[in-house]
Ligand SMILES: CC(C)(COP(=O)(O)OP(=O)(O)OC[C@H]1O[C@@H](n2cnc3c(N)ncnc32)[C@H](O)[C@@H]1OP(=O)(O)O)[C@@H](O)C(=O)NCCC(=O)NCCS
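Below, in structure tokens: the form predicted on its own, a single chain.
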Amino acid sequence: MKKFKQLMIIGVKANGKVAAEAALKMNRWERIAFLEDDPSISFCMGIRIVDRIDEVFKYINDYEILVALGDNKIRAQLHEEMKKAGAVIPKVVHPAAVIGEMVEIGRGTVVMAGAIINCSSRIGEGCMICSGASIDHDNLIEDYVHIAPGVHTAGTVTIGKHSWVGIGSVISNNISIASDSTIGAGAVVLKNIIEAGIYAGVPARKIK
């Protein structure tokens, strides 16, 4: 895959900021810039906002493009548009993350400081694996999933596309979670989730 020495990050809030930190720590790009629609912001992390998000297509021949928007569905849509346009989309893994043997990480995914991904796990495209999360062996995290800080998944867990796993939640071994699910903060998932919805509590139950 072709590589550029410049990185364009779409979005400066929350995910974009920590993605930029990870990218800076990697020391891989000579220049990093942001695209953002909020006109009140000129810099983030000491990095300049150079344009609006809808102007991204004029940068794809000179920059690698990372979509770091917080909403899973919007991030997915823009990521897919970048793929169709032929953009070079990197994965960004903070040097302080721990990545096991035979782990696969899809393009456009960000793995933040202190995250652990154990052996033989697969992480899809456009995911956010936040600080201090641990993903044990043989997990499958499908595309555009957000794993919040301090989440712990046991072995052989599958999390479906576009799901959001809230801060400090725990998912027991051999569990499958349906696509488009939301797991509330601190929830403990002990049974398969076969229907999209919002789940919370100990043990986790559907609340909406």
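Heads up: residue numbers just count along the shown sequence, starting at 1. Only a predicted model underlies this, so the values are computations on that prediction, with no experimental measurement involved.
Not on display, but discussed next: the form predicted together with this ligand.
Participant: If you check in the model of the complex, is residue 200 within 4.5 Å of this ligand, heavy atoms only?
Facilitator: Judged by the heavy-atom cut-off of 4.5 Å, residue 200 is in contact with this ligand in the model of the complex.
Participant: Heavy atom to heavy atom, is residue 182 within 4.5 Å of this ligand in the model of the complex?
Facilitator: Output for residue 182 is yes: heavy atoms within 4.5 Å of this ligand.
Participant: With the cut-off set at 4.5 Å between non-hydrogen atoms, does residue 155 touch this ligand in the model of the complex?
Facilitator: Residue-level check for residue 155: no, no contact with this ligand.
Participant: Is residue 166 one of the residues lying within 4.5 Å of this ligand in the model of the complex, judged by heavy atom distances?
Facilitator: Because a heavy atom of residue 166 falls inside 4.5 Å of this ligand in the model of the complex, the answer is yes.
Participant: Going by heavy atom distances of 4.5 angstroms or less, which of 56, 170, 49, 148 would be at the interface with this ligand in the model of the complex?
Facilitator: Exactly one listed residue reaches within 4.5 Å, namely 148.
Participant: Can you check 158-166, 59-67, 23-31, 37-45 and let me know which stretch has heavy atoms within 4.5 Å of this ligand in the model of the complex?
Facilitator: This holds for exactly one stretch, 158-166.
Participant: Using a 4.5 Å heavy atom cutoff, which residues in 8-43 contact this ligand in the model of the complex? It's fine if the answer is none.
Facilitator: If the 4.5 Å heavy-atom criterion is applied to this ligand in the model of the complex, 8-43 yields nothing.
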